[in-house]
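Listed next as structure tokens is one chain, alone, in the form predicted alone.
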């Protein structure tokens, strides 16, 4: 009997951070770079309000959210596209621009979803080497061939937490061929306080060959609602909109995102909290002999080569104490874990438990 056969797709499957460990709900989840303080109370209030009207379809174009975003960041609303998380924007980009055997360049330690979607749409991945977990512009440029179609990078980078300076990022765009699309993922830009840094949006909002993505899943605390957005030249955004599914963001999520953007005080509170705790984490790791780097996101990458006990054993001991962090096996970063900044109680419990383990 002949049965339907799906296409063979040569791509990894994205493995999310755990919410359960051995079938038990974890007490402290520091594995997914989620917001430390959670959503704005105003966003929660708006979500609850809209939940009473769920029989109605959402606005498929998300006009109100696009207008609010355009006003806040001084952008053209016609050049904004909304996605079910920024992940969907990456997929739309790959679907719109990639053909079989095209090449995509990503830093070797970069968000895995870039290469997953690229492979699904038939592209070959070229990995640019990093230096001390910092993205190398020169190495990216050395990987360019006639087949190169897209360069994906996040700034700050996930999972390393490092940044690319504004001059280097501008140099990359200048040196790349004009028909190579540069995608800059701004997922963690709000946390950065560095004079040499500018977000992709500030650097490239007027570019004709760059798409910038942002998300409500991190600093705004709406990971469970899946809202992201992208900004680029009209012709490219038009192409993405042609393949964007209708009603791709639910009604309550759209309204909650609007209120999140408006609540500047809550945003400032989250930024101060994370920046305070990344320093505390950094100092504690150093005092324990754990190698790490100054992070510009809401997480730190930590290595255990110079302490007793491997990353695998420490992960298991933390998990048995109800604390989940992120394994780095999928990124091929040896003997390392990634930990997200949580709330005050979670962070204190994590540090005290880690100290006991070490």
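Residue numbers count along the first chain shown, from 1. Since the structure is predicted, the reported quantities are computational estimates derived from the model, not experimental observations.
Separately, the form predicted together with a small molecule exists; it is not shown, and the next lines address it.
**Q** Determine whether any heavy atom of residue 185 comes within 4.5 Å of a heavy atom of the small molecule in the predicted bound form, and answer yes or no.
**A** Yes, residue 185 lies within 4.5 Å of the small molecule in the predicted bound form.
**Q** Does at least one non-hydrogen atom of residue 158 fall within 4.5 angstroms of the small molecule in the predicted bound form?
**A** Close contact exists here: in the predicted bound form, residue 158 approaches the small molecule to within 4.5 Å, heavy atoms only.
**Q** If we define contact as a non-hydrogen atom of the residue within 4.5 angstroms of the partner, is residue 162 a contact of the small molecule in the predicted bound form?
**A** Residue-level check for residue 162: no, no contact with the small molecule.
**Q** Residue 152: heavy atom within 4.5 Å of the small molecule in the predicted bound form?
**A** Close contact is absent here: in the predicted bound form, residue 152 is far from the small molecule, nothing within 4.5 Å, heavy atoms only.
**Q** Only one of 277 to 285, 241 to 249, 218 to 226, 142 to 150 has heavy atoms within 4.5 Å of the small molecule in the predicted bound form; I'd like to know which.
**A** Only one stretch passes the 4.5 Å heavy-atom test: 218 to 226.
**Q** Give a yes or no on whether every one of 97, 118 and 121 sits within 4.5 angstroms of the small molecule in the predicted bound form by heavy atom.
**A** Negative, none of the three is within 4.5 Å.
**Q** Go through 133, 111, 255, 191 and name the one with a heavy atom inside 4.5 Å of the small molecule in the predicted bound form.
**A** Of the candidates 133, 111, 255, 191, 111 is the one lying within 4.5 Å of the small molecule in the predicted bound form.
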